[in-house]
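Below sits a lone chain in structure tokens, taken as the form predicted on its own.
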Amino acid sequence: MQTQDYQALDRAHHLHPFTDFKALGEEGSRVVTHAEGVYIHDSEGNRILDGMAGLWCVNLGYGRRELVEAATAQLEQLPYYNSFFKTTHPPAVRLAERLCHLAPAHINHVFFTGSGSEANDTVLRMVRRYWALKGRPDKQWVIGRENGYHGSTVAGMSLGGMAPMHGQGGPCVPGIAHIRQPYWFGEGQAMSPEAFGRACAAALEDKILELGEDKVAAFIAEPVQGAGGAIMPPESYWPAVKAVLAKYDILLVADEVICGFGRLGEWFGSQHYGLEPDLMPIAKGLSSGYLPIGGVLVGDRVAETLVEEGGEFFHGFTYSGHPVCAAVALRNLELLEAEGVVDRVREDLGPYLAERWASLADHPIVGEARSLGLMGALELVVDKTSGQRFDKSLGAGNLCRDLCFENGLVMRSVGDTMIIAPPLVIRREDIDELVELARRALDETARRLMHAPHRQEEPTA
């Protein structure tokens, strides 16, 4: 089959996630056929550096035979069995033990799911069940952040703070509120980053008092906002948030779906920021994306209450702890540990990316270049001094994204923020190539936008 044959069948039968179906049908899908290391290949013979690790998940890179072999061996021995009805199997048991070994010391239990969205559905159920068992059933409210992302199921969408999703999702799950995000470049430049971080934490306390401290069950947030635009909070933010939660006895849910398994140079983003979350949703890098699996790492105070006082917890999934997925995830964690991948991100690759990525800050249409570990963002602006954005009608971010693809690089756009999160096995020479390809795309983006008739919008407040 040729590219156009795949595109025709795709157009006729396949509804893609987060996609304008009509527009994609008119343009035609890119057909990815194979991959190795940090590169994907399409049906037209193009080799493309995958600056997004698939969808934040292919941490060990493509083509790892060890993971294929782990899946094959498990398929031959026990391809499936459930974990309902007082039953377990070795892959789930061994993976649970390994995860709790890697997690912060106060986390010693895991509930398996099939994805990050399912993990956050589980979080909502678990948080409310915990407080009911503690004799405080009125503690129902969960506070999230505007522009936070916690999945696209009804509960995940509700916990997240993305307005377009809420607009299409019908009534959200009740008892969920949102506060401002710690996005200094986009929303806080009128004050110092430190002051802005404290102000965002103060917004959490204000919302708790508004809802009633005896009514708030948990605060959910990503250590670094991923899908929202690789937003790294000011250093003042998380210490202030921790103090607020401790003051009012409110659970912390740290969504580790993107930050977990080495992305920030620690096993979990919570460790980078010194957090001690009560619940940690996980997925993506858990299996390096080779098979779908997720879960919730559960802190001792929640787990002990559920175990000792809870009776039956009426929640679970057909594929919770699927044996093949669990076997691949376990082998993935073994390889990450044996090869020192997380340490290398922290000590070598993360700092090197930071140095090379920062060199893009001098580009005429880049207002900020930021990174942490192997995650980075570029803010596209028409005026570097004021931070003024391009007119939205120009679609600057989407234009830059498409030009990246044309030049051999996957870089994602979130509005006019360009983001990367490459595989953790990327090499220094690959980072050099990534930065050079990004600069080339920025040059062409600038050339096209600067000739547009209506090119800027009002400055962001």
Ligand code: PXG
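From 1 onward, residues are counted along the sequence shown. Keep in mind it's a predicted model, so treat the numbers as computed, not measured.
Keep in mind that the form predicted in complex with the ligand is missing from the display, and what follows is about it.
- Within this chain, residue 116 lines the site of the ligand in the predicted bound form, having a heavy atom no more than 4.5 Å away.
- Proximity of residue 55 to the ligand in the predicted bound form falls within the 4.5 Å heavy atom cutoff.
- Heavy atoms of residue 412 reach within 4.5 Å of the ligand in the predicted bound form, making it an interface residue.
- Looking at residue 232, you'd find every heavy atom of it more than 4.5 angstroms from the ligand in the predicted bound form.
- Proximity to the ligand in the predicted bound form holds for all of 120, 258 and 284, with the criterion being a heavy atom within 4.5 Å.
- Stretch 150-158 is the answer when you ask which of 91-99, 150-158, 244-252, 295-303 has residues with heavy atoms within 4.5 Å of the ligand in the predicted bound form.
- Shown without its partner, this chain lists 369, 325, 208, 227 as candidates; in the predicted bound form, only 227 has a non-hydrogen atom within 4.5 angstroms of the ligand.
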